[in-house]
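Okay, so here's just one chain, in structure tokens, the form predicted on its own.
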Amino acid sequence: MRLHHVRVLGPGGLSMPQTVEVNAEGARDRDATGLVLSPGWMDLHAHLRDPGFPQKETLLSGATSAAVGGFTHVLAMANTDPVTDSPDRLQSLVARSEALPIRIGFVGAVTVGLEGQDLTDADALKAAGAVALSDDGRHAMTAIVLRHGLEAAAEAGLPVLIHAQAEDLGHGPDAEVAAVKDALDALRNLSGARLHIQHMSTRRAVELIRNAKAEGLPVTAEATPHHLALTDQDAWAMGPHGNVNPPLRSPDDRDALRHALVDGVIDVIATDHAPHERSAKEAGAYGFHGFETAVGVILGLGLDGRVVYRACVSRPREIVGQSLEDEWILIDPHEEWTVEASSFRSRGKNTPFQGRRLRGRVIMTVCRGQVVTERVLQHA
């Protein structure tokens, strides 16, 4: 497929219009004036709920939703039922993922059952296909257990992804700050260890990461589209549908996240896609759908193209040691659309952006040389 007059998103930002050939079997050549071609985006943090919660999501519905949203590679967290804490369970998921439209990587648990006590076998999980370890959804590890977990992961060559929230302190900012401090302390003087802090949400935690990077610690961090775009005022207006963990914070916290993303203190944007059925949200369940609104929300932040490329394409893959392979998305940055959750391909319709106008939408996703989703241009 030849795309004529398309702008390409790369490490240097957006190119001038050019003709680009993309390996996309059966796709027709087209005039792509006004469109942007980007390597496929990677999401380091998603909950695909499979096995255990088919009413919320399955591997297939989650992968399809991610493809519609422009993600060609997604990492699935381990807080399933049963927990992905053994090589057999991980191997089964890897085998099932081979038939999916996009690439799904799997994260093994750091501790058995996410209980924060007994470490899993990091080497065996790595051999079974794990690309990282995380107890995301919980943070029950003591500082000693976390340090031993980082040591074991380092020996296996895997990063550890931390849900930075001290469980005994609730959901407030102090819980995030305490957990980040503990994780950074555990990281010090460990050879080969790699720490990644998930869903940053507070200015104070950002400053801890900034100082740790200045110190030379091997730490990376992420923020979600919703924490970059929304505040606690939005959450209050949504009632139980605004529940998310960590909570939406103050405008000052949101602004600190945006500055840290531009500065590179926050390395990547990750959705923390957490689908729920309507009854669960009405009962107070925490989490938002993340895939199908991500491009519109992120483009709405007004970021330089170099930041978008680093945060959504290159740095996520660097953190987990994955290569970019024949994966592309075609974006219409001008299309304005109203979010209607009922149209989502995900089983989770729980979006904080319901009814909002976004600008920018994926119109084609290509993975493994195949067009896996395509949308009709609205202004063609």
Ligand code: DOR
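The first residue of the sequence shown is number 1, and the count goes up from there. All values reported here derive from a predicted model rather than from experimental measurement.
One more form of this protein exists, namely the form predicted in complex with the ligand; it is left out here, but the text below deals with it.
With the partner removed from view, the residue among Gly137, Gly116, Pro101, Pro87 that has a non-hydrogen atom within 4.5 Å of the ligand in the model of the complex turns out to be Gly137. Checked against the ligand in the model of the complex, the residues His73, His199, Lys126, Arg194 give one hit for a heavy atom within 4.5 Å, which is His199. Within this chain, Asn245 lines the site of the ligand in the model of the complex, having a heavy atom no more than 4.5 Å away.
In the model of the complex, at least one heavy atom of Gly287 sits within 4.5 Å of a heavy atom of the ligand. Interface membership of Glu292, defined by any non-hydrogen atom within 4.5 Å of the ligand in the model of the complex, is ruled out. Taking the partner from the other structure, the ligand in the model of the complex has a heavy atom within 4.5 Å of a heavy atom of Asn79.
Heavy atoms within 4.5 Å of the ligand in the model of the complex map, among the stretches 23 to 31, 41 to 49, 312 to 320, 333 to 341, onto 41 to 49 alone.
Using a 4.5 Å cut-off on any heavy atom, the residues of 267 to 284 that reach the ligand in the model of the complex are, in sequence order, Asp272, Ala274, His276.
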